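Form predicted alone, single chain, as structure tokens, below.
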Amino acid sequence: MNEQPADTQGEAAWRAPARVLLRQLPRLAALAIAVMLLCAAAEPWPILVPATSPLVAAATWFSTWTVSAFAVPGWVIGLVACWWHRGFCRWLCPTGCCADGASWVGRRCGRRPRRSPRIGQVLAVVVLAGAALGYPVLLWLDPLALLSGAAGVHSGHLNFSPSWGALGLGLVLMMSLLWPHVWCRRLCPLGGLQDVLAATMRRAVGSSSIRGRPWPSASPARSVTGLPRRAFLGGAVGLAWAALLARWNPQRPRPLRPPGAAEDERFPSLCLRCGNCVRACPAGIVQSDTGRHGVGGLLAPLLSFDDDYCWESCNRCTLVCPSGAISPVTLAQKPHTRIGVPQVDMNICLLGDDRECAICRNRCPYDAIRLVFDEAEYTLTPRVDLQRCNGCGACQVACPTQPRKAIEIGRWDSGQKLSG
């Protein structure tokens, strides 16, 4: 029986934790940088975290046929993954760093990894196949989107509004605690995309080494086993799901979305639920949907004019969306970017009760409201010039009637005719 010398055993014991520490240092640094970017008050820094994901970059391109400059790191990482299998996961992924920390605690508590199919590959192909039809379903499972959504700092104070990212990241940590490494190795769609890219490149070159570099040691045979079948399955599911969403949209009250938002049929699929727009809004009117408008739009951003309106001097929410769910809108474009349509109820309006009021007209930042004498009712009536109004909600916030407002912003559809 061969025994290693004591000094060799000691050196091996020292090298093992040293390698682990060396691998964790870059990911800890990446996690610290990601937190600083997400907590940054200035735009467009928060967009960099979810935009770094190759899955988000590819799905956004397939869905919108546009490429943002902030998506360049995502494309670079995707190209590197073709040659360096799971390199991003091992050295840079901040969410993976958190999951590995939970897995380490789980192992210390006696938990053991659980064998399960590699669903991440299927999820990645589902996202990309759906994106090809404009509906990148399940894109909000991206780990960098989860981390972005979990960030709770908003305008210098804690924001406890509902967040899918906080819930999703909590589930990832819980799963990693109970079944160590199950998220990163088996479920993560970003890791699954890297598996697909690496397997595709390996099959294309027909060799286990590329440019003199050995194929990664993270069980390449396992990572590509059954990949064509899984890719076919994921593609079929993604296309079927996207086609169903494109043809079947249940009739339900549709919420007001931030300026520049995509059409509501596509918006819930495009949205990452990353929370960037919620944190960016200084007025606090961008909030997460708690399910009032259907399960499909759960935790997607909507506008609430209960306490404030969409400031005419602000376009911050349009600059921090990494997925194309909200397109950039300049301040010059904002007056012409429609959010909704004001609707006046003269049964509630003070003018209909022969009382004096001109608050909505005076508070309108676009001078779109005027008071017109109605000879039939023999009273003044608020009239809205829809060519000048973008539905910012200032009139609704200023209206003094309680509990209902006499003027409220209603949903506007692209086919609706604009007339004063």
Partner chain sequence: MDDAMNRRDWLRKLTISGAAAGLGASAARVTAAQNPGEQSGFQSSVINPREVQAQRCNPSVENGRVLQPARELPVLHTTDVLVVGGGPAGVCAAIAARRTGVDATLVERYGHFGGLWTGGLVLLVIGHIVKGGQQVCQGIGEEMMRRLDGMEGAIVDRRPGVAPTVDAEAVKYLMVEMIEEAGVKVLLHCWGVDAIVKGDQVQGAVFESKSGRQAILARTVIDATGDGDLFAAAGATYERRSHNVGLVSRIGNLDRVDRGRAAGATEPRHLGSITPVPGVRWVNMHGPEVDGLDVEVLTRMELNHRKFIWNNVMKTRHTPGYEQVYLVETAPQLGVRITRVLRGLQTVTLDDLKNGTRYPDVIGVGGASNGEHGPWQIPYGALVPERTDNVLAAGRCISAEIRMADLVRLIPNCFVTGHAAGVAAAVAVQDGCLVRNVEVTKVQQVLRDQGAYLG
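Positions refer to the first chain, counted from 1. Just so it is clear, the model here is predicted, and its values are computed rather than measured.
Quick note: we don't show the form predicted together with its partner chain, though the next part is all about it.
- Of the residues Ala30, Leu351, Leu386, Ala58, just one reaches its partner chain in the model of the complex with a heavy atom at 4.5 Å or closer; this is Leu351.
- Interface residue remark: Thr66 is not counted as part of the site for its partner chain in the model of the complex, having no heavy atom within 4.5 Å.
- In the model of the complex, its partner chain lies within 4.5 Å of some heavy atom of Cys364.
- When its partner chain is considered in the model of the complex, Leu380 lines it closely, a heavy atom lying within 4.5 Å.
- Under a 4.5 angstroms non-hydrogen atom cutoff, its partner chain in the model of the complex lacks Gly410 among its neighbouring residues.
- Across the options 66 to 74, 47 to 55, 352 to 360, 30 to 38, residues that bring heavy atoms within 4.5 Å of its partner chain in the model of the complex belong to 352 to 360.
- Here the marked residues Val122, Trp179 and Phe232 all miss its partner chain in the model of the complex; none has a heavy atom within 4.5 angstroms.
- Residues from 61 to 84 do not approach its partner chain in the model of the complex: none has a non-hydrogen atom within 4.5 Å of it.
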